[in-house]
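The data below hold one chain only, encoded as structure tokens and taken in the form predicted on its own.
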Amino acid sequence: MNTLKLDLENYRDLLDEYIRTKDERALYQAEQFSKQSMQQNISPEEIINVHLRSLQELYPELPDYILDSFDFLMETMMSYGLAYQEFQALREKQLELKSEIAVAANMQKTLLSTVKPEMEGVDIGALSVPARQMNGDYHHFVVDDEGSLGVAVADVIGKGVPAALCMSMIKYAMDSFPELRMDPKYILGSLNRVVERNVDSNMFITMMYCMYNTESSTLTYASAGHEPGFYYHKEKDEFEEISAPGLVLGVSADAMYEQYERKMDKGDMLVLLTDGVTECRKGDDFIEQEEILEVIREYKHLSSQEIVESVYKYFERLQDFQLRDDFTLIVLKRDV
């Protein structure tokens, strides 16, 4: 209180100095007074009252209309002061929430981390970039006891923290599955029951799961309502859309999933993605599938990791560096 009283007395002296000299140093000191007042949560109407009292001490014969104008200003600033206090309270809560979300995003990044395996005969590239702090996309790699590679890519129908929590549950459910049973249809069926039991009924998850056998160069895959991927035939130099009918995870505990199989020849390439790739926009319009494939074709001579990074940079520039949705792209290329 003594410090505040001293500052109020200083205000009168600053005001007197400025009126007499018009010295800008007095204005600077007034600015510091204003900052200190905000730090001490002094309301605008209190500062007006200080100004009025200072004037009355400096000029005891102030006209009544000047005093009346301060009454009018006081009432105006009281409403402003209340609104400003509410704004400050909301701003503090927003900063606190932002900090908590940043912590949660870092935890999610740690929890959902997956190691891209280095395997002989196959070149793997993976990139996942959230549109916001929390990622609603998920990808996962696992190698079984026989050396087969399992690849999952998933997308929650929903965003933000709930979507991120769903993906964390999916990750730990997949980690609990025995490595001897990595068939895509088994994986999706098991995950579907987990999601149906544990996730809110208005939230669903799409997923495509692929298994690549390095010994036979066989690709087996199944889908739970996920965005179709693409298969590049090197010999024909053409892309083919690959999809597999299947219900999104969590709709029905009795859902069954079919799996499909194909042989991968040397130089062939599998492309898995989420709708953050296919629904990129050019202005107000979605890009065409042909443009996505042409971009991938342009970089197909690069390593798989360089492909996904180059494709991402292309579409990032196309959208003025503002992603509208989480962007996940995986490329698997047979190189022997």
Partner chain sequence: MSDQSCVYIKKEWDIVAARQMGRDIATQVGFKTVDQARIATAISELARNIYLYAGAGKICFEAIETVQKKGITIKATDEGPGISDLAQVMEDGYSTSGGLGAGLPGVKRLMDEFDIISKSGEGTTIESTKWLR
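If you're wondering where the values come from, they're calculated on a predicted model, not measured in any experiment. Positions refer to the first chain, counted from 1.
The next section is about a form of this same protein that is not shown, the form predicted in complex with the partner chain.
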Among L95, A83, V103, V115, just one has a heavy atom within 4.5 Å of the partner chain in the model of the complex, namely A83
Checking M119, A131, I157, M78 against the partner chain in the model of the complex, the residue with a non-hydrogen atom inside 4.5 angstroms turns out to be M78
Assert contact_stretch over 163-171, 217-225, 247-255, 83-91 against the partner chain in the model of the complex, heavy atom within 4.5 Å, equals 83-91
Is there a non-hydrogen atom of E46 within 4.5 angstroms of a non-hydrogen atom of the partner chain in the model of the complex?
yes
For this session: Evaluate V143 for contact with the partner chain in the model of the complex, applying a 4.5 angstroms cut-off between non-hydrogen atoms, and reply yes or no.
Result: no
Is there a heavy atom of E238 lying 4.5 Å or less from a heavy atom of the partner chain in the model of the complex?
no
Spell out, yes or no, whether the shortest heavy atom distance between D265 and the partner chain in the model of the complex is within 4.5 Å. no
